[in-house]
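Next comes just one chain, in structure tokens: the form predicted on its own.
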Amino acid sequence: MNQKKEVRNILIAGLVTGILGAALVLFGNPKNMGFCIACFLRDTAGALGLHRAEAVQYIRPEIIGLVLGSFIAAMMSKEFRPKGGSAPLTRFILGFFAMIGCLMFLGCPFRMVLRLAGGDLNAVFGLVGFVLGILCGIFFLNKGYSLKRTYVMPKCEGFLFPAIQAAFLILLVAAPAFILFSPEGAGPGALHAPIIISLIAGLLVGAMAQKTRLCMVGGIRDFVLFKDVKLLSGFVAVFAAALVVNLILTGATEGTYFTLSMTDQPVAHVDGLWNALGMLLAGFACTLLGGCPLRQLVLAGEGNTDSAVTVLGLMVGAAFAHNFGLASSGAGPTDNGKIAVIIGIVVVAAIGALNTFKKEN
């Protein structure tokens, strides 16, 4: 596929993803949170009882759709290639701390873009921190950072993570008593689009992201390292499409989907320093992982068991954050959360050093 066709495809994927991310709010998802990998993994973890924060408990169909959409697309194009064995525990830890950073900011890189498209100026601080975190990761990449090679795995290993998502879908629809759901009015977990709409949106984004390698971290990383704007163009397209949809919905409906301000933004806080540091940690960890949370889910759908372990790290990080008071709220970051972010930056830097300078010596 030539460069122009690749750019065209990723622009289309970005535009469709941005439209869906904004439109899902119209159908019931929380404001400025039509699609958020970190938030939705946190909600799913809560529904499974990994944490007991009543406000954020719901098995999100968008996550299920992302993995299954990637899986189906990979199978159809014969790109389903189970592999793994590249420092899985290290990846788990990086995923864990990436989530701690995301929940300090209250959103993943995807939601950061959607928050910007909704007029949330707090996300500007998140974007600055995110770029700085990626630059920290690039420092180690330039020095030779590597988590070593992956190995071919049996096909059954690659099928396991998509199968788990299919099981989650059954649990969501069946709603047995042991699955926890946020009661109406309890918080973001109680706000969701109809299952079928959310699932279809996830399937579409998962399939397109599998084909185009759409990745928020990869866009900035490739631009800095190689002056390649291909993935970055997808990043910009998500923002542009979501912004236009938000403006249209604000003018055409009684709801407010775009408010240019720092205050009174949905599921956000106004502490610029910790918004920036949270996303610095997320960007740093995801650069060392080789992709943002969205990319990790897509890779897991393709059969990459290392990415599946990373997603488990993200979910455990979300559970840990809510069980121990690390996650921010609209009132701002917690003291425990601030300490966790600083520890996370130190740990991620240590992982970078141990997998770079030790190898050079």
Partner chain sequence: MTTLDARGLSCPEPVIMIQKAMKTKEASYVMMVDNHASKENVTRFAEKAGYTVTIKENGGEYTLEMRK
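All figures in this text were calculated on a predicted structure; none of them were measured in a lab. Residue numbers count along the first chain shown, from 1.
Omitted here: the form predicted together with the partner chain. The next part is about that form.
A.B. asks: In the predicted bound form, which of the listed residues (Thr90, Thr150, Thr259, Thr250) lies with a heavy atom within 4.5 Å of the partner chain?
C.D. replies: For this set of options, the contacting one is Thr150.
A.B. asks: Every residue in Leu191, His269 and His322 with a non-hydrogen atom within 4.5 Å of the partner chain in the predicted bound form?
C.D. replies: No: none of Leu191, His269 and His322 comes within 4.5 Å of the partner chain in the predicted bound form.
A.B. asks: May I ask you to state whether Leu225 is within 4.5 Å of the partner chain in the predicted bound form, using heavy atom distances?
C.D. replies: Leu225 belongs to the contact set for the partner chain.
A.B. asks: Consider Phe159 of the chain shown here, and say whether it contacts the partner chain in the predicted bound form, taking contact as heavy atoms within 4.5 Å.
C.D. replies: Taking the distances in the predicted bound form, the answer for Phe159 is no, it never comes within 4.5 Å of the partner chain.
A.B. asks: Considering only heavy atoms, tell me if Lys155 and the partner chain come within 4.5 Å of each other in the predicted bound form.
C.D. replies: Heavy-atom contact with the partner chain at 4.5 Å: absent for Lys155.
A.B. asks: Are any of the heavy atoms in Leu141 no more than 4.5 Å from a heavy atom of the partner chain in the predicted bound form?
C.D. replies: Answer yes; at least one heavy atom of Leu141 falls within 4.5 Å of the partner chain in the predicted bound form.
A.B. asks: Which among 194-202, 213-221, 165-173, 120-128 is in contact with the partner chain in the predicted bound form, heavy atoms within 4.5 angstroms?
C.D. replies: Careful reading of the contacts points to 213-221.
A.B. asks: Are there residues in 290-317 with a heavy atom within 4.5 Å of the partner chain in the predicted bound form, and which are they, in order?
C.D. replies: Going through 290-317 in order - heavy atoms within 4.5 Å of the partner chain in the predicted bound form - the hits are Gly290, Arg295.
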